[in-house]
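Included below are structure tokens for two forms of one protein chain, each presented in isolation as structure 1 and structure 2.
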Structure 1
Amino acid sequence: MMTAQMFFIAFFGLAAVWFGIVVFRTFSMVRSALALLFSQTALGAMFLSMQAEFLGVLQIMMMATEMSIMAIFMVMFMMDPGGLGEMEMTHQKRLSLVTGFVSFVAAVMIAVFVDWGPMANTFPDAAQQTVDLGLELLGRSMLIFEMAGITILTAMIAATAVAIQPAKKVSQ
């Protein structure tokens, strides 16, 4: 029997995949960025359906910001951001389609045919989940958490250093 949770997971999963496909089907780059935003938001809603409230809200907030920035970059860098010229921006299409389809089928086969063991019967509520995650982050996984923070900082500095305009040499 289909439960409400199952229905919402399937619905938002389908929405995430559909908007993911739209990303590569539209000529407009702004629409592409917005489709990716909707895809990631549907994913956040899927997390909420799976009762992972903290991660669901985090996903929606983070991706809304990230995709807004991405849309700005798309407009800056694309030759035809509105897609009015319907420029072809793909290559090796057949190889990509086959590889994508084969990866999908392989992952589905693993998902369906592997015995994942018994399902969990009990589940912590939202408050308990956040407490558990906080204790995990500042306990057993603290080193990983700190490393993630330092890696983000390094990436930010590296990205700024790469992107910064080199100073022009003054000729004597």
Structure 2
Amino acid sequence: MMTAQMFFIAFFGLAAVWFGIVVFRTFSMVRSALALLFSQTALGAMFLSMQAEFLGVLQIMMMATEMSIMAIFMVMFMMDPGGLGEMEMTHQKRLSLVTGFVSFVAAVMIAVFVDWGPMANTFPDAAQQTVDLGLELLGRSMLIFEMAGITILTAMIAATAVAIQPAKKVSQ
């Protein structure tokens, strides 16, 4: 069982990285949004592979909604959402490559050389983990999530209101 679990974690991890690269390799903003959706869905599948069902389903549902809205807004407001005009999706390539390489090396060094402490010998089952996470989210973190939701909704309404051209008055 552990071998199959590790296989799926590695498979979905590689898929997430691959689609993350595809985000910057396409000329279309819509294709970039879909590649980002697939990348984040692969992360959700990694959660599912690690038996964190609640987080996996939440990740997939959240990203599906978010990326769908993002793609719709891109089609509405971008001059060339289909990518027919050979858009350049990367900026400051040297700085980005250096920053990415330094971040990768730092992440590998942290993963390998940091003492993470002993492995947990006992842990709650999936149902209890979901209950504990729900209590945390509905307890002290509820106000933060509510404010974030209202802020995002307000920004979406404001962006739509700014983008809509005012109607012309019809003279009688």
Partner chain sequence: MGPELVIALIAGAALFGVGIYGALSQTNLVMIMMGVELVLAGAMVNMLAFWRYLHPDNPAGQMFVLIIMTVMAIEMSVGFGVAIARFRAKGSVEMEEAAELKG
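In this text, the rigid core denotes the largest set of C-alpha atoms whose superposition between the two forms falls within 1.5 Å. These numbers were taken from a predicted model, which means no experiment stands behind them. Throughout, residue numbering runs from 1 along the sequence of structure 1.
Structure 2, not structure 1, is the form predicted on its own. Once you line up the core between structure 1 and structure 2, the Cα of residue 21 stays within less than 2 Å of where it was. After superposing on the rigid core, the C-alpha of residue 164 is displaced by 9.9 Å between structure 1 and structure 2. Superposing the rigid core and comparing between structure 1 and structure 2 gives a CA shift of 4.1 Å at residue 123. Superposing the rigid core and comparing between structure 1 and structure 2 gives a CA shift of 2.9 Å at residue 134.
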